[in-house]
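Only one chain is shown below, in structure tokens, and it's the form predicted on its own.
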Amino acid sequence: MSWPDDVVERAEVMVAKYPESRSAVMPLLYLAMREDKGLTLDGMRQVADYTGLTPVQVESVASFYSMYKRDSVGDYIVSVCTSISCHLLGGDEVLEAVAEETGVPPGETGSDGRLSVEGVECIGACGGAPAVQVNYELVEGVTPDSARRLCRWLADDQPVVISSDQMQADFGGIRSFEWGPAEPGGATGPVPAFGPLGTEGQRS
């Protein structure tokens, strides 16, 4: 299966930005994941074609980093940090609240394909623990109660754009540091908000 013309154009632009095509493997994996809501063998083969790597080399990158999902994922990925700082400040309870509220066990996707839940290692917000990401957009200082409210918001409002700033204002608590000016956009799918991937959208 080949990518649509607009995706091919994005891929070619990405590859052209690097002195060696193999250096584009990671952004291209996000692009492949965006197309199929997970990394398929076919998607990884296409990345191999663009980078000059073998499919096995591409899969070795995809299997090393946890943000590359080789199984199909939902429209929203709720990632709860359970590393030491978050663990000590209630991260496990936050993960349990998310699983209970959504009915989706950690490591799985709901039967309707809407939401995936996972416990993850450090996401770099130890000072604002417990920390949660939705489609890789961050919210800090989350409690079990605010995590439940966050999940209800995802289910009821089904937001098209997920924004760290909005989630922090609505569901967050203590932050690790001042974030600076608010970002006008956010993520539009279960990959990070990257303009070249078409996964960045503007908040209304």
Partner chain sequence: MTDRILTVRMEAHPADSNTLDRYEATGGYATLRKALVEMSPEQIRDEVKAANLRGRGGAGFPAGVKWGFLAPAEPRYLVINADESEPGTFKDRQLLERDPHQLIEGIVLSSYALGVNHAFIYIRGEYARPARRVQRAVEEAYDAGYLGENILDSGLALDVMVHLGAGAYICGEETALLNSLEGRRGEPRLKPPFPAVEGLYAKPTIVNNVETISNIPWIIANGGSAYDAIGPEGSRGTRIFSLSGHVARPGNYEVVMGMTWREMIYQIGGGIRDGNELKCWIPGGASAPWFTPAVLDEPVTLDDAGRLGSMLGSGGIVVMDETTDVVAAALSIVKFFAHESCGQCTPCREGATWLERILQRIVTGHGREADIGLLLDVCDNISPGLRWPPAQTTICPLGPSLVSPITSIMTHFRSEVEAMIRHAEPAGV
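Heads up, when I say rigid core I mean the largest set of C-alphas that superpose within 1.5 Å between the two forms. Positions refer to the first chain, counted from 1. Because the structure is a prediction, the values reported are computed rather than measured.
Beyond the structure shown, there is the form predicted together with its partner chain, which is absent from this document and is the topic of what follows.
Participant: By the heavy atom within 4.5 Å rule, which residue out of V104, V73, I123, A97 makes contact with its partner chain in the predicted complex?
Facilitator: Result of the distance check: I123.
Participant: Is G113 one of the residues lying within 4.5 Å of its partner chain in the predicted complex, judged by heavy atom distances?
Facilitator: Judged by the heavy-atom cut-off of 4.5 Å, G113 is well away from its partner chain in the predicted complex.
Participant: Taking its partner chain as it sits in the predicted complex, is S66 in contact with it (heavy atom to heavy atom, 4.5 Å or less)?
Facilitator: S66: yes, in contact with its partner chain in the predicted complex.
Participant: Is F171 part of the interface with its partner chain in the predicted complex - any heavy atom within 4.5 Å?
Facilitator: Flag for F171 set to no.
Participant: Any of the heavy atoms of E35 lying within 4.5 Å of its partner chain in the predicted complex?
Facilitator: No, E35 is distant from the partner.
Participant: Within 4.5 Å of its partner chain in the predicted complex - does that hold for a heavy atom of every one of K17, E20 and S83?
Facilitator: Yes, the whole trio is in contact, each within 4.5 Å by some heavy atom.
Participant: Only counting heavy atoms and a 4.5 Å limit, does any residue of 188-202 reach its partner chain in the predicted complex, and if so which ones?
Facilitator: Residues within 4.5 Å: P192, A193, F194, P196, L197, E200.
Participant: How about G185 - superposed on the rigid core, does its CA move between this form and the one not shown by 2 Å or more?
Facilitator: No, the C-alpha position differs by under 2 Å between this form and the one not shown.
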